[in-house]
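Quick setup: one chain, the form predicted on its own, written in structure tokens, and binding and motion questions come after.
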């Protein structure tokens, strides 16, 4: 990236400008924070210096506003050349017919289909399984973070199967010592659904079939809910959400579900400080940062019951269909630039741990490991690559065989699954009764 910045400064100093007949495109991004906008703008400035005749306007768009903004731009005949947003958005836009699927499919193959993590690529695969409505760019991975040193002392296997997870949760659960086996969500909040979905996917359970029929109340989903309810017995006391990570950071928890956004909390004292007080859990008292915690922690990004499954979020780059060949060409050049290692790493370093690369080979590069926070060096190359490997197996309830179902988003917004979990884990409702209730609620949402 340094050589690019040198070129920017040199060209500006020499008075090199874009031509009067410049091709103008817009790049819409969901990275709306001021500091991230500055970084992206710097990358675009570099791109424009290296591609005289192309100008790129950066447009921040909130994720929830993207559909309405796209509809307005389409009506006005002023569509962006390139957009960055969730894989669910890209699939939805693909179904509306406004994406340049042919060009993106060629670009996936040009960059290298096998270079992409296959789970991430499936999140943007359209129904025939051979075309793509986006190119995976960054995202986060969920996993079970666990005390490897504790597991080693008890001779336990990593928590990567249902049996291993339950066995470990029981082995480490000592509430009389204020120590607990696992943390998974039981409050009616999004975190609970994220934990539950990971288990459900590993059991081959789904909300919808490929034809869009609601099939939530099925034997595999019921089995998942029963297991989840049993496992919740080894949680810290009371309804819990992600905040109970404090137990882990204070040495009172064997394992917990979390995304890669937890990485800096485990490694950096200043970030961990908020979890080392008694503000959230008086029974924990005042904790002290453990500099060895990051070394003693590993993550199981893939869980297996009937199949290996990961869970996470994919943000993709996508080409919007353009009538102008020049605009198409300019947008494709921009995508290629954004995948160049120096550019790519600079983008990902806006949120170390939260933004993970979607192609192989980036995470092992010295430049990637040398992030501004010094975070990745604390983990080391092997752990970083292990964490990111979960991208090969990620999935979601929203996407089935390359087709997205908007109803899944509406169901998510109503927190039906978290309310079902709360009913079984906290209120004592039977899994059979709770899952029947949940499917009725889901059907009502679909019928609205």
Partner chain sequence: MDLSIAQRESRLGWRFIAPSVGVIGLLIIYPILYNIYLSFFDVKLTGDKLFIGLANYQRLLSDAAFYGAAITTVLYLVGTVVGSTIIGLMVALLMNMTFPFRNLVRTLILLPYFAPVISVVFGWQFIFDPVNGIYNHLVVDVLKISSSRHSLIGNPNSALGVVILFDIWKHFPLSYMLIISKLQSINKDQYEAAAMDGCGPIGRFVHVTLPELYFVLGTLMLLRMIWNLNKFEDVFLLAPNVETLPIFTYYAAFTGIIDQGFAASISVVQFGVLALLIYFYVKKVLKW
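Model, not experiment: these values are computed from the prediction. Positions refer to the first chain, counted from 1.
Keep in mind that the form predicted in complex with the partner chain is not shown, yet the notes after this line are about it.
_Partner contact for residue 47 in the predicted bound form: the partner chain, 4.5 angstroms, heavy atom_ = It does not: once the partner chain is placed as it appears in the predicted bound form, residue 47 has no heavy atom within 4.5 Å of it.
*Using the partner position in the predicted bound form, report whether residue 194 sits within 4.5 Å of the partner chain, counting heavy atoms only.*
Residue 194: no contact with the partner chain in the predicted bound form.
*in the predicted bound form, does residue 158 have a heavy atom within 4.5 Å of the partner chain?*
Contact check for residue 158: no, nothing within 4.5 Å of the partner chain in the predicted bound form.
_Contact of residue 140 with the partner chain in the predicted bound form (heavy atom, 4.5 Å)_ = Residue 140: no contact with the partner chain in the predicted bound form.
*asked:* To verify the annotation, which of these, 238, 361, 102, 212, has a non-hydrogen atom within 4.5 Å of the partner chain in the predicted bound form?
replied: Residue within 4.5 Å of the partner: 238.
*asked:* Only one of 344, 376, 180, 216 gets a heavy atom within 4.5 Å of the partner chain in the predicted bound form. Which one?
replied: Among 344, 376, 180, 216, a heavy atom within 4.5 Å of the partner chain in the predicted bound form occurs only for 180.
*Candidate stretches 61-69, 392-400, 414-422, 37-45, one within 4.5 Å of the partner chain in the predicted bound form by heavy atom*: Among the listed stretches, the partner-contacting one is 414-422.
*Going by heavy atoms, what in 341-378 lies within 4.5 angstroms of the partner chain in the predicted bound form?*
The stretch does not touch the partner at all.
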